[in-house]
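One chain comes next, on its own, written as structure tokens: the form predicted alone.
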Amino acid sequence: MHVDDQEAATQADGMLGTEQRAWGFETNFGGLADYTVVRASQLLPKPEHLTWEESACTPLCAGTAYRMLISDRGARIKVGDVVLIWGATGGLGSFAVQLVLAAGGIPVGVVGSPEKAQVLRDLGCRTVIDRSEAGLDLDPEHPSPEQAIEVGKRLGTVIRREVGEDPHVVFDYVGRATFATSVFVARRGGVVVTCGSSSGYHHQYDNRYLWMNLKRVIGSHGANLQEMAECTRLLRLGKLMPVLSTEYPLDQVGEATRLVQQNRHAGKVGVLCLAPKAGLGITAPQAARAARRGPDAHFRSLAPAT
């Protein structure tokens, strides 16, 4: 993140500063470059057991998911919390699943194909819902609150059948196509935490299910330096793992972007900038790397979903 450390709000939370910018997302610089200039406050040590591309694919999504779920500025999940995660094999969702598991919660992952359902099970998520099989597909262009409630009823039935109760937290970055269902399906006193709207920014939902059931909506964006440092520590300890499924050279960045646009990827897609080939940058012994990441943590063998 790019922040103004002279701004008063930044001293409390870097994400509250009016000059805060997500690098390469809210700026026209900082991403997909051989070289770049940064402030020291934008840097953290690279975990020694990760490659350059594995390390590069973690900060944005891992930090965002950490703030949404773990930070006291987010949902602050606790042991036993049921967390519904839309798009659970995407860059954000796959880190969310890991964080919920590490925190002792119960992730309920929603995906769009049998192939992605298997990826999610390999990640350790026991409760997996294929939205097409469960009849959870909404019209992303014109979703109505009434349709969202009907979908929410079906989704709630599946979740209660699988885990016995409604979600404490709903992790939503899909936006218009899912937000009304998220508000409906969260338990009384539950939380919907959102960091994006990939299907559209304008949401319609039935507000009765929010105010009359004492639910909350938390907006979240990126991660401040402390949150990112804590998240990086979890990566260093092997409590989180990169979810990089494939890499492209810099001259094929268009193909990489197209893969993500069409939602044919699993986890993160890497682009090699200065690195001449994948797999470089590991300074810890290979045995230590394997021990930290665990026997089932090797996403690199997964091909993009088609």
Ligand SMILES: NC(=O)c1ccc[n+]([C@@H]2O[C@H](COP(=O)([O-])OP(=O)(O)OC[C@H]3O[C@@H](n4cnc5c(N)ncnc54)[C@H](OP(=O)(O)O)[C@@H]3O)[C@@H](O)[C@H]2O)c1
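Everything quoted here is computed from the prediction, not taken from an experiment. From 1 onward, residues are counted along the sequence shown.
Beyond what is shown, the protein has a form predicted together with this ligand; the following relates to that form.
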| message | Counting any non-hydrogen atom inside 4.5 Å, which residue from G190, G222, G156, P145 sits next to this ligand in the predicted complex? | response | G222
| task | Would you kindly say which of N263, T36, Q42, T27 lies with a heavy atom within 4.5 Å of this ligand in the predicted complex? | result | N263
| message | Given the stretches 100 to 108, 231 to 239, 159 to 167, 192 to 200, which is the single one in contact with this ligand in the predicted complex, using a heavy atom cutoff of 4.5 Å? | response | 192 to 200
| field | Proximity of G112 to this ligand in the predicted complex, heavy atoms at 4.5 Å | value | yes
| request: May I ask you to check whether P47 falls inside a 4.5 Å heavy atom distance of this ligand in the predicted complex? | output: no
| field | 4.5 Å heavy atom contact, A177 to this ligand in the predicted complex | value | yes
| message | So in the predicted complex, is this ligand close enough to T58 to count as touching (4.5 Å, heavy atoms)? | response | no
| Contacts with this ligand in the predicted complex, stretch 72 to 86 (heavy atom within 4.5 Å) | W86
